[in-house]
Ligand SMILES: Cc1cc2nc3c(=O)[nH]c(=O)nc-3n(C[C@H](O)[C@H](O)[C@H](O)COP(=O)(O)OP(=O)(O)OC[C@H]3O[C@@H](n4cnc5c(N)ncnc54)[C@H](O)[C@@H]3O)c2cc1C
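Just the one chain here, the form predicted alone, laid out as structure tokens.
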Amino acid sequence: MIIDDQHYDVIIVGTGAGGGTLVHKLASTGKKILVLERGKFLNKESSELEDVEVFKKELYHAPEQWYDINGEPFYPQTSYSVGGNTKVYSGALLRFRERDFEQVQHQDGISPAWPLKYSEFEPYYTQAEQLYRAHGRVGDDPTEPPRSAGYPFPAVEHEANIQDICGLLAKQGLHPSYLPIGLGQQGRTDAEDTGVTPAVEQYSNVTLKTAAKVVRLLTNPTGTAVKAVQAEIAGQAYLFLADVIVLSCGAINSAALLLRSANEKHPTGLANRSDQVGRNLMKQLMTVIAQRSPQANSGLFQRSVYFNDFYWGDADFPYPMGHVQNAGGILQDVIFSEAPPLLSILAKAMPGFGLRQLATRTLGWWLQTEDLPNPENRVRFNNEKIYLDYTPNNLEAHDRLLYHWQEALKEVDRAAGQSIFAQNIHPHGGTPIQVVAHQCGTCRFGEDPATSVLDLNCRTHDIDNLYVVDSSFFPSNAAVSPALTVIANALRVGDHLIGRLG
């Protein structure tokens, strides 16, 4: 084993929305920072979907197997690369609603309150929108929370087809709202281009090592602090030493790393005195609806609209249902590239069409419903294998959202003079286990060490110098994308770390 001859102030493991943003936040402090990323830089042509060939390739599965509740292997749909899952996300940058931070009654149970409220996150939401160049417009969505500033850039205009559909949906009493999207000169903003690369290029105190898979955290003899990070680089074991260790591996991998690092002082895994590490895994209920496009489209346009009319329920169902947004051009949507059921549906609906024709005559809609924390939905690490025990919940809420949206699209199609073509790919919101988008909740934060893993600054209760800044810290999920909340929290934790480091 090679022990690195450098001692760092901070080691950040992972470069996604949390880690990549934290690198940006800390780079200007002059502190010596090491960033470890198990992936490499994506080639530009690989990170931007520009061709129908993406339908035929599984480009966005991790090169490893995980196992489901029955012990069956699968390849998780996640990105190991500089920038993490922000390299393949939609760029949607939505704030959680103010009420998302409170206790909310759902039909299937309670969505617990957060120990910090919207007001504590609001200034960091504003910073995050500026940093990731959010394009949006305020005032269309009745559920929108209060803001201290507007969006830094104007909203993305709708594709002509989308604009027409929005008009027809508005006539039904719905509220089409401009979807906040992070856009830079090179397209969607991500944690690589926004955080990691500028930090490495501008600050000599920041070191990035790619293809560096962290396999274990080693504590001091008393188990009160992490003293070294063990990583594999080109088949060789390395030890890296630092004063502060920050994990941002994604909610599943961060929990798995803590469990894998069990030792005599922490026999059930690091920071796991509460037995909460890996528990309460959430990843939303998600459905894709494909709708026939009245006119041909490029298949490459940005997402631009969302609807929250059913976010908190309706007169007949006083429980939250969820969030709807358009998928943008199907050729830009990662999940579509790996959905053989969709291709089969499209082919039957429009016989004789090639893949590109299918894509350019189809519009997609994402439906997202909050799933509730369940301690039995969990990440386990056993015999060097990661297991996901996950059973979806809150299903009726999602089914009702699906029903309402299909009915709305039927009315749109009647108004446009065409027959309905809308299809739910995965019944009951049961996206396959390999779809781990919007994962969160495996190391929840809170004030009580008996019921949470992290304190309010996302430092582990049990180990003084160990932090987690990905979506692991969520006590509950919302129905909107977690990305902006992860980014805002990384900026918030960054302020704490700057104070700690002095």
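Position 1 is the first residue in the sequence shown; the rest follow in order. None of the values given here were measured: they were computed from a predicted structure.
What comes next is about the form predicted in complex with this ligand, which does not appear here.
Interface stretch in the predicted complex with this ligand - options 406-414, 90-98, 261-269, 113-121, non-hydrogen atom within 4.5 Å: Answer to the contact question: 90-98.
Contact residue in the predicted complex, from Val23, Ala483, Ile11, Ala478 (heavy atom within 4.5 Å of this ligand): Filtering the options by heavy-atom distance leaves Ala483.
Candidate from Thr126, Gln77, Thr197, Asn161 lying within 4.5 Å of this ligand in the predicted complex - any heavy atom: Selected residue: Gln77.
Distance check, Gly278 to this ligand in the predicted complex, heavy atom within 4.5 Å: The answer is no: Gly278 has no heavy atom within 4.5 Å of this ligand.
Distance check, Ala437 to this ligand in the predicted complex, heavy atom within 4.5 Å: Ala437: yes, in contact with this ligand in the predicted complex.
In the predicted complex, Thr86 touching this ligand (heavy atom, 4.5 Å): Yes, Thr86 sits close enough to this ligand in the predicted complex that at least one of its heavy atoms falls within 4.5 Å.
In the predicted complex, Gly364 touching this ligand (heavy atom, 4.5 Å): Gly364 lies outside the contact set for this ligand.
Stretch 1-28 - residues with a heavy atom within 4.5 Å of this ligand in the predicted complex: Sequence-ordered list: Val13, Gly14, Thr15, Gly16, Ala17, Gly18, Gly19.
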